[in-house]
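What follows is one chain in structure tokens, specifically the form predicted alone.
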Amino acid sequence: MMANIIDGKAVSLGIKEKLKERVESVREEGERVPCLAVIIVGDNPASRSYVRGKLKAVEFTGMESRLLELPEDVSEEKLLQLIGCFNENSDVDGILVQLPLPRHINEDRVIDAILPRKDVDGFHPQNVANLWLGRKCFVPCTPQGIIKLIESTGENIEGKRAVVVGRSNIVGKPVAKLLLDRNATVTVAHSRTPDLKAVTREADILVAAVGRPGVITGDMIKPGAIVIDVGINRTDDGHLTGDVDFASASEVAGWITPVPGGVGPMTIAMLMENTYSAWCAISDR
């Protein structure tokens, strides 16, 4: 029996359509609509593709955007100055600096420069700390989207055994915390985990976020498990593939996300939600 497909495109579309309705109501009331400022440095093709997708979602929901395209050799000081301008601009609700940045720019300094209340990526140390303290904050978009996808299956997270393979600050660690918040029993596995197969086979919910194509195979999955594939890896022939070997995994899992069309669309949908939430906070909604 093949696994049920968790359609990230469909789930994300539903979220964006609801946001579109809310933004239309704001516009009809004569109020300023939410605005996202996006800064991109250089000509990285992948970064430009991601930015296009984000701006397309902004347009779809009826929000406004400010795109700032900077040359590869822009100085760190100039970039920080421009972030400061967006921080002070009361018409801008959210600020996103597309990563990665050129090597001569310190990413930590750039992230720290964004006002926490405009940090719709959820990367600022204040938002990270508040996430772990259980306080109100912007949650990173990909982990937030992963939870929405799991919930879309109708399965209850509480009481489940969850395994997160990967311990990055952007996905692995925060998604583990979000699963803990929903009363799952969580294990974080990684490249140094001995007998990874034995660990992943215990998971009712398995999140693969290691950035290595096909590292999770069908024999590493508990029958009926929910499998969330965060990986986006490009093969030599240009195709996108995940961290999970979809062919073998789909014969064992109960639910599984495809790549592409799974987690990716949800990341952008959550960015739109965070931008709307930032506007609500500024507008006292």
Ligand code: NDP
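The first residue of the shown sequence is 1; numbering continues from there. None of these values were measured; they are calculated from a predicted model.
Missing here is the form predicted in complex with this ligand; even so, the following discussion is about that form.
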Would you point out which of 65-73, 245-253, 224-232, 22-30 contains residues with a non-hydrogen atom within 4.5 Å of this ligand in the predicted bound form?
224-232
Taking this ligand in the predicted bound form, would Gln144, Leu179 and Met270 all count as contacting it (heavy atom within 4.5 Å)?
no
If you check in the predicted bound form, is Arg212 within 4.5 Å of this ligand, heavy atoms only?
yes
Any chance Gly122 has a heavy atom within 4.5 Å of this ligand in the predicted bound form?
no
Contact test in the predicted bound form: His104 vs this ligand, heavy atoms, 4.5 Å
no
Is Val186 close enough to touch this ligand in the predicted bound form, meaning at least one heavy atom pair within 4.5 Å?
no
Which residue among Lys136, Lys78, His190, Lys197 has a heavy atom within 4.5 angstroms of this ligand in the predicted bound form?
His190
Looking at Ile150, Ala203, Val92, Val171, which has any heavy atom no more than 4.5 Å from this ligand in the predicted bound form?
Val171
For the stretch 252-273, which residues lie within 4.5 Å of this ligand in the predicted bound form by non-hydrogen atom distance?
Val263, Gly264, Thr267
